[in-house]
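To begin, one chain is listed below as structure tokens, in the form predicted alone.
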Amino acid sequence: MEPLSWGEILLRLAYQFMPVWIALALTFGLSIAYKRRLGLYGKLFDNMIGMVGFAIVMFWVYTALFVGLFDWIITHDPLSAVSGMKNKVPGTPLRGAEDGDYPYYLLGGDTLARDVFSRMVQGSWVVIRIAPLATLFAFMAGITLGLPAGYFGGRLDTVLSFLANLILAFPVILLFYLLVTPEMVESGIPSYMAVVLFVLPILFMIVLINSRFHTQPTRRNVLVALVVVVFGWLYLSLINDPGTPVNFLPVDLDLFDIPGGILVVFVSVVFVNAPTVFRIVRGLALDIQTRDYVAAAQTRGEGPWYIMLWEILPNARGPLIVDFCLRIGYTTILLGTLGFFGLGLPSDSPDWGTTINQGRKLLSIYPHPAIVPAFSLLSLVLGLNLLADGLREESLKD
């Protein structure tokens, strides 16, 4: 077979992403049709910058989901090398292709003769699994601690602010480096950190339910019990890590087994981002608690947690949503940086940082193994920034 031209490569790439195009079309069609009923999300479709950012972000989200859950889009095993395909240019026919094999390396081969395109799309699954969820956990931790610090003040505020400033005093990259080093992992400290950090979202949900339904004890108790059982089981499965000091759950009760490298990176991201979120939430609480509607709630006799969670937090959603999008972008860059330095994730991981590091060694001769994941990382971060700008503009109109 002859090598593909760039036009043929682009057509084949577009075809491989066909499930993504269909999902994007359905998402945009339904969202635009019902945008007046969708609150801030619906208003996003009146903002061109926000729509472009949302499209880029959802392109990578759908790519990751289709690759990770259904094994679609991908053309070859991202970890397998094929003899004779080392550093081959995009569109090179696959040597020794058999029936059922995809006949080309669409974006070429890397220094270990692996398919660059397959590693790119598989790398999106690594990023999408870690960055949004880790940022969400960091926000839950920051909100849980930041609201009472700003609302109550006093010694609680002093102690929590000191601890947050202590963590923020470390350079981010240095702190990441310390947390993911093999010596630190063997000590079990990241596992103990997971025990503390991952319980905060459960506490947040329990307090949220109790503050909302404290006048309906039967309903409150049922919801709290449901949260404790379901999310408590997920929590125990999440922190249980065989081969570390935190290994107590029987195999039959362990719902899933997260690879140690991913868990350590996940914990590190939460630990680094939570203090910044804490400071943002604390500042918003200090400002919003002086508003008239908070004074009205206090006059009605509402409890402090009800006021924090149902009066202050909803009115702080605009800045928090914008910061959430931006922070996912920061986390994506940090994950790429860790992979580039070979920290946290396995050395053969298809994450974009690791792939860029492996491709940079012959960048002047074979640029495609490094440029493809670098462009993927750039596009996702750009999309998140544009999405945050669109959300910021629309939230300011409220």
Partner chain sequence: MVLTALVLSFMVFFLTNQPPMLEKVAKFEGNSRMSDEEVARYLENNGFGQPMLVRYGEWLGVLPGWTTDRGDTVSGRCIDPGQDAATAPAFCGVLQGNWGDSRVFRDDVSSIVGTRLYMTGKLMLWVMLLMVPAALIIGVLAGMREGSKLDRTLSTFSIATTATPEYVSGVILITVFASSAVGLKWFKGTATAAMENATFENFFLPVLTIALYGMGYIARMTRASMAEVMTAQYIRTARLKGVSFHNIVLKHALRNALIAPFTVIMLQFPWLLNGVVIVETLFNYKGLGWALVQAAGNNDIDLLMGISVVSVFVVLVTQLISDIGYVYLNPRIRIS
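Keep in mind the model is a prediction, meaning the values are calculated, not measured. Positions refer to the first chain, counted from 1.
Another form exists, predicted in complex with its partner chain; not displayed. Remarks below refer to it.
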Handout entry: Of Ile189, Val195, Leu79, Leu286, the one that lies within 4.5 Å of its partner chain in the predicted complex (heavy atoms)
Key = Ile189
Problem - Heavy atom within 4.5 Å of its partner chain in the predicted complex - residue from Phe341, Phe28, Tyr41, Tyr34 - result: Phe341
Handout entry: Residue stretch of 119-127, 161-169, 101-109, 69-77 approaching its partner chain in the predicted complex, non-hydrogen atom distance within 4.5 Å
Key = 161-169
Problem - its partner chain in the predicted complex reached by all of Ile209, Ala296 and Ile312, non-hydrogen atom within 4.5 Å - result: no
Problem - Residue contact check: Val224 to its partner chain in the predicted complex, 4.5 Å heavy atom - result: no
Exercise for the section: Look up in the predicted complex whether Gln358 has a non-hydrogen atom within 4.5 angstroms of its partner chain, and give yes or no. Expected result: no
Practice task
Find out whether any non-hydrogen atom of Phe213 is located within 4.5 angstroms of its partner chain in the predicted complex, and reply yes or no.
Solution key: no
Practice task
Find out whether any non-hydrogen atom of Ile371 is located within 4.5 angstroms of its partner chain in the predicted complex, and reply yes or no.
Solution key: yes
Handout entry: Contacts with its partner chain in the predicted complex, stretch 367-388 (heavy atom within 4.5 Å)
Key = Pro367, Ala370, Ile371, Ala374, Phe375, Leu377, Leu378, Val381, Leu382, Asn385, Leu386
